[in-house]
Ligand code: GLA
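Next up is one chain by itself, shown in structure tokens, the form predicted alone.
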């Protein structure tokens, strides 16, 4: 669907479109028309992601098991004659952000625009002749909620630049370009998980990523027995505020003490034999990563066998490790996990854990697909009673990666 002018009557009333329940791409195109006075020529989409298990292991060369979700970022755009990019964010509001599209692009304000700036710069460095364009960014996933809104914006921007320039990139090259944008322009030293999951998402499948070799394997979530419930704590987090970088530095220091290039190459035996040479904090960080890799591979086996209680148990152990050893949980995330645990397997919840970088954001629960609405209501009510905050819950299944929804 596209928001297009009728040749006999012109544009339908934009207010009618925006006030109605409509397809997100139609809404993005309508916002573009409202803000620019012109018709969008392109609408692209990239999904968010949740990580079922394997947290803070990607930048340690470990294993992760994420999936693209059925919510994401929509970008409506049109080429302009001027050598510049002009951006609007529907969610964040404010006036347009503008920057020149010539060489020497640098980071700037507002901070969210750096995800776009970095990708445009990367595409140009890769040889793409990206023209100037206007773009309106809309979203159906929570921003700053631990579901990779940043990676979704990067991948959507890269997809748009591919369409506007004609330069096509392979999936891995596209994901790595977006990761570099986050490193160099947004200042977040993330691993490869988010961008790989968003670019390579496939409906009905999770994505096992070996972050050391960059090998990937799609792992089917068979049948319709279970679904993934995402619970947004409504506590925002920022991964460029130092907490994320400090954890990464701790991991690298622990690996250095053990004499290995990264924690992927550290066994449980090596970790224990090196314990007295480490600060307790470094030992705990490394213990999380080493045990999380083991849990992630065990989770793949459980997923392939349809062993939902076992998969849920591993998710619960992951959250405890993230809370106690890696110290990236918070009271609100723990309250969600406690609420889900109170429902338990008899009530249709197999397991629950925080997802994403931590310090707020979302939890992900593996639930009985036939009872998902009842479970969401029970968890939301318990969380609200414990914190005074109304969460946002939605059910999702593994979904496809980026799409071009409209082009000339």
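Positions refer to the first chain, counted from 1. Note that the coordinates shown come from a computational prediction; the quantities given were computed from them, not determined experimentally.
Same protein, other form: the form predicted together with the ligand, not shown, and the subject of what follows.
Contact annotation: the ligand lies within 4.5 Å of heavy atoms from the stretch 55-63 in the predicted bound form, the single such stretch among 340-348, 375-383, 27-35, 55-63. Within 4.5 Å of any heavy atom of the ligand in the predicted bound form lies no heavy atom of residue 136.
At a distance threshold of 4.5 angstroms between non-hydrogen atoms, residue 142 is out of contact with the ligand in the predicted bound form. Among residues of the shown chain, residue 357 is one whose heavy atoms approach the ligand to within 4.5 Å in the predicted bound form. Proximity of residue 312 to the ligand in the predicted bound form: non-hydrogen atoms within 4.5 Å are absent; the residue sits far from the partner. For the options 271, 120, 190, 200, the residue carrying a heavy atom within 4.5 angstroms of the ligand in the predicted bound form is 190. The contact with the ligand in the predicted bound form, taken as any heavy atom within 4.5 Å, belongs to 244 out of 185, 112, 283, 244. In the predicted bound form, not one residue of 264-290 has a heavy atom within 4.5 Å of the ligand.
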